[in-house]
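The chain that follows stands alone, in the form predicted alone, written as structure tokens.
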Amino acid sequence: MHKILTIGEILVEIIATEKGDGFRQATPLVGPFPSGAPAIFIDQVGKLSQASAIISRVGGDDFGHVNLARLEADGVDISGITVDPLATTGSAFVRYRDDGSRAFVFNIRDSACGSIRLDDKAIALAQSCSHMHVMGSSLYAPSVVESILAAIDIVKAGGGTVSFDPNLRAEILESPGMREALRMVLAKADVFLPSGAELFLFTEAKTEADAIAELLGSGIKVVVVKRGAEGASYFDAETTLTLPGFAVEEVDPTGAGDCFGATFVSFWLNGAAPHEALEFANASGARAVMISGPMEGASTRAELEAFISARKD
């Protein structure tokens, strides 16, 4: 059985209950919710009963324990998470604007997860895994980038595979070394999972078809373009497939792309046909947006099967 590894930020998310533009005045809040793009991804993998692990750091505070408890309860191997009693767990304050976009205030680079490093225990954990998933949002600090690239080499040396979701946030895109790190990860990826315009970040192409051809020609085996509520498209050397999304009432889009990616990668690794992997991934993303909180909408396989079946009747 495959074991999926990710490395990166674990944090809590605290959400403004009223819409507005940022946090320059007092506003009611709800939370903390366990969060962090790689943490959401790996939690969804665990919910699917797929062997999974994460390497990260949290503080010895309540925010850290909120995340540890959720990940462990959902079946994730948390042995690679270091608890630093002198550090503070990362955080993200989120406020929705009237147009549906979001304003973030992050504390990641200066939090516990800003100093992730591969010690002997983490290296042994990486050696036990057959797939590595990278979130672009996790390339926020030199030590984390170094750890991710080293883990990729460990997994690849064991015959494993790598998936990559750029998952870019405007707030961190200009972090020192971010663009170079993104390219280094892409060069090692087997599966690429961009959203919308992220498809063109690493190509000279100006059209989607040309960008897909360029990426597949570079050695990437599979490209999956996430299109939000409109669904997703799958591309490999032999197959092109687009499936529509599922119509649901959107409550909170945070984490939907992470749940989509986790579900797709889990099904792909276990030999699912492209149609099945994409359909379940679309369902996973749709269910995720129906519930407030970044991890709260993660789904079991039974829940996804019931969701899909109800919409086919």
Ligand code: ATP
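What you see is a predicted model; the values in this text were computed from it and never measured. A residue's number is simply how far along the shown sequence it sits, counting from 1.
Below, we refer to the form predicted in complex with adenosine-5'-triphosphate, which is not included among the displayed structures.
Highlighted residues 59, 80 and 115: none comes within 4.5 Å of adenosine-5'-triphosphate in the model of the complex, counting any heavy atom.
With adenosine-5'-triphosphate omitted here, the record of contacts in the model of the complex names 257-265 of 41-49, 64-72, 257-265, 22-30, defined by a heavy atom within 4.5 Å. Only one of the listed residues (12, 289, 15, 304) places a non-hydrogen atom within 4.5 angstroms of adenosine-5'-triphosphate in the model of the complex, and that residue is 289. Of the residues given (201, 229, 123, 103), 229 alone sits with a heavy atom within 4.5 Å of adenosine-5'-triphosphate in the model of the complex. Although the partner is absent here, residue 35 lies well away from adenosine-5'-triphosphate in the model of the complex, with no heavy atom inside 4.5 Å.
Taking non-hydrogen atoms only, residue 276 never approaches adenosine-5'-triphosphate to within 4.5 angstroms in the model of the complex. Put simply, residue 248 is close to adenosine-5'-triphosphate in the model of the complex: some heavy atom of it is within 4.5 Å. Although the partner is absent from this view, residue 167 contacts adenosine-5'-triphosphate in the model of the complex, with a non-hydrogen atom inside 4.5 angstroms. Counting a residue when any of its non-hydrogen atoms is within 4.5 Å of adenosine-5'-triphosphate in the model of the complex, the one hit in 194-210 is 195.
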